[in-house]
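Next up: just one chain, as structure tokens, the form predicted alone.
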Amino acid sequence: MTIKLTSRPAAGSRPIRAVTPAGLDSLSGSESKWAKTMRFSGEAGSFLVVPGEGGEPVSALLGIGASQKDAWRKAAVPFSFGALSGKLPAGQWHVEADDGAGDPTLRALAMRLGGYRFSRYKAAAGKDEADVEVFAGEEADLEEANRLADAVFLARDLINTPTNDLGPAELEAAARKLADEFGAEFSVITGDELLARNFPMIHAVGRASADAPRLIDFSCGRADAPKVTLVGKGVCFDTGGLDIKPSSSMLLMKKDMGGAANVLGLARLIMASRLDVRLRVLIPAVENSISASAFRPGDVLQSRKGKTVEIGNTDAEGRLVLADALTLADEETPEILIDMATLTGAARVALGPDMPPFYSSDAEFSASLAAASVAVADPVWQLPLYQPYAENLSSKIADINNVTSDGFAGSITAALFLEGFVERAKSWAHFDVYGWRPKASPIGPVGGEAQAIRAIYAVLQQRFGTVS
């Protein structure tokens, strides 16, 4: 059920009261009595409709949990409002909450996010939805909340779509549609043209698939604005190549283009908000398949940068396609260069599915991102580019190997591999995202998820502002 956010409360609108466990005693007599009768706890995400004398709803109670001192938990309090989706009865409602319920715009965003369902393949999708309107509060920026929700939904939809409907060609179509919406300049390099244009590793990884590999490229914004370039890993399915994954490890490999999905969501935010930047988006879109033309363990690949790369494992293909795309991005010396990729299981072991690590040697950018991450409740955590580990990527016959032999610090060594293809960018950051929500929460069901893009957007917004 989708909640429609309104800019003012309607006549006869009923209140949604945000309640902590300690605040139950402050409710009116009838609400307090009903809450006790129904054993309403006030815990985060708990919900209760309060009926009037005729049984019709007259108010609703939303639990936001106890007051939090921990910064991460406190920042996430507004997301309790996502629990309203699918529970509020039809009609007009308005939020009554104090500062303890968090930022009003995040509350509005949570109500949008909580209503998300991936229904493309459901026959009964969209039927019998209640008409629910909510006024989130005077200080809620509804335009911003809707922009953020649209960006998250784009990323979720792309990740959730199976590869039979979202291979490299369809990912190109999705990127082209977004570019056309905002009048961006769009181009693509496909198949053997990648070799002619010097993108040998993108070609090598994707050549075994029936769906040709390609490099998607679009730009938007005034030509003399600061250059911000986004690179997203677009591996639309990863079998592991000749180092084939076990079947259980392939079940979620439709999400291996989660970096590209997140980059497209972030690009939507940047263009919709008209940030004053020259945006460029690069997506190497491939399928890591198995056929007679698949690249092999032990092969040595030439890269766009000129480095030779020995293939220690064909299942470490994402960093190969990113390396060629990063080299291209770096050639025009962008102000900020960001890449996003569902790159390593090691990142999930280190930080779990909800908190992507990021890597950057730019202390100012890193500090701004860490602060924004908490402020907008979009968790990220910086891990170090520990240079001594780079030695573990050495090769006896090539300039570098694509994997280490010891299995340690996999996310860090992947970041170090990528760092070797960036020289000119004034600031570079790598995000190793999971792109998936393994457990349902008030702001989303199990499935594809946007990660880090709201935090990155907040930093870019603060740094560059909007076009006047």
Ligand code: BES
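Throughout, we count residues from 1 along the sequence that is shown. As the structure is a prediction and not an experimental result, all values here were calculated from the model.
The form predicted in complex with the named molecule exists for this protein as well; it is not shown, and the discussion that follows is about that form.
S.K.: Does the named molecule get within 4.5 angstroms of any non-hydrogen atom of residue 287 in the predicted bound form?
M.R.: No, residue 287 is distant from the partner.
S.K.: Can you check whether residue 255 is within 4.5 Å of the named molecule in the predicted bound form, heavy atom basis?
M.R.: Residue 255: yes, in contact with the named molecule in the predicted bound form.
S.K.: So, residue 344 and the named molecule: in the predicted bound form, are they within 4.5 Å at any heavy atom pair?
M.R.: Residue 344 belongs to the contact set for the named molecule.
S.K.: Can residue 146 be called a contact residue for the named molecule in the predicted bound form at 4.5 Å between heavy atoms?
M.R.: No, no contact at 4.5 Å.
S.K.: Could you tell me which one of 313, 119, 394, 361 places a heavy atom within 4.5 Å of the named molecule in the predicted bound form?
M.R.: Partner contact (heavy atom, 4.5 Å) among the options: 313.
S.K.: Please identify the residue among 268, 319, 156, 112 with any heavy atom within 4.5 Å of the named molecule in the predicted bound form.
M.R.: By the 4.5 Å heavy-atom cutoff, the listed residue in contact is 319.
S.K.: Work out which of the listed stretches, 69-77, 223-231, 237-245, 378-386, brings a heavy atom within 4.5 angstroms of the named molecule in the predicted bound form.
M.R.: Only one stretch passes the 4.5 Å heavy-atom test: 237-245.
S.K.: Using a 4.5 Å heavy atom cutoff, which residues in 431-456 contact the named molecule in the predicted bound form? It's fine if the answer is none.
M.R.: Only 434 sits within 4.5 Å of the partner.
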